[in-house]
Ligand code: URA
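There is one chain below, alone, in structure tokens, taken in the form predicted on its own.
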């Protein structure tokens, strides 16, 4: 078998066999296939596509290219969630303890932020001493005993994906459905969960800009997961404006803690409950959406989800006493308000621009090796559909560099659109793919 022949075959739009895909993944992982041939195949796939069987085989081969976690020794149905990335997306911090408080083992490996989207692991490091890197034994023990663990991805989890993504990023072949789906699902399958809910973001602040693109990606990922013997559902959620009010690492953690106390923004909780309900249904802890919603509401109302979050911080080396005083741990030198210049209503907020403003302040990375400032970010006071009065604050900037704050202020103001006419609040849940 030759890599040249595989490239030639795909270039002509012919489906690759399981053996050819496995040969390619093996060679890409061990370095025996040069980067220029890997890139050539990625470009051929970009233009010619892959059929469902090819996409599934690529996913499975990539998942098997490194460590495959076996969580079967842990009692119960192990659950996980994944977001395709958005602005202000702090749902994991609310959903994970809610689900764990219901007695379901929540086992998740997360990544860091890049560009205008934030990363779960970065946000967790807002807690002094919190360890996002723990041993596999400790990870298993946390999930088994405490029903919750969220850690950074291991270096050997789907290593082929890391290689392919770096080359796709450099050769403008990132936005291809089969390649996106196999990248996401290879890591999810390798992480070992039995049931997975996918939060597929749609809109200006998301990778998928249209509902049609998002639906196609969601259907592809659900089909892969089901074919691999996992229970998978995808929820399409709106990301035309940021989720919640806070954008920035520590700021988002604070908002998530408020949500666990029953004081979360309505749009954030709409997404949290939608994703949580699907996890409850997939796991069998609830048999109807109403039953799932009742159970999720209960763990917020009785404080058990909040207590579980404090327990989660403690078992991964953080100080649970920091949870109620996160606002005291926020350190910035420059806080600036942005004021409305006329009366009216908010008609649009460009989520990508808000995310970029946070990145400009130092809250995000332009490159993977960049360091970030966990304290900076943006807190919105007005969302789409809200009325405004001239002189009223619409957002607050938190920064540690006056020049960056001024740039961010301009970007946040530019992200807002206003109208004199009343505007309906947008629905956050657009569609559910593969609902049980």
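Nothing here was measured: the structure is a model prediction, and the numbers come from that model. Positions refer to the first chain, counted from 1.
There is also a form predicted together with ligand URA; it is not shown, and the following applies to it.
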**Fill in**
Within 4.5 Å of ligand URA in the model of the complex by heavy atoms, the stretch out of 70-78, 177-185, 308-316, 190-198 is 177-185
**Request:** Tell me, yes or no, whether residue 345 is in contact with ligand URA in the model of the complex, where a contact means a heavy atom of each within 4.5 Å.
**Result:** no
**Request:** Give a yes/no on whether residue 147 approaches ligand URA to within 4.5 Å in the model of the complex, heavy atoms considered.
**Result:** no
**Prompt:** Given that the partner is absent here, does residue 365 sit within 4.5 Å of ligand URA in the model of the complex, heavy atoms only?
**Reply:** no
**Request:** Mark residue 123 yes when one of its heavy atoms lies within 4.5 Å of a heavy atom of ligand URA in the model of the complex, and no otherwise.
**Result:** no
**ligand URA: the contacting residue among 356, 108, 168, 231 in the model of the complex [heavy atom, 4.5 Å]** = 168
**Request:** Could you list which residues of 205-223 come within 4.5 Å of ligand URA in the model of the complex, counting heavy atoms only?
**Result:** 207
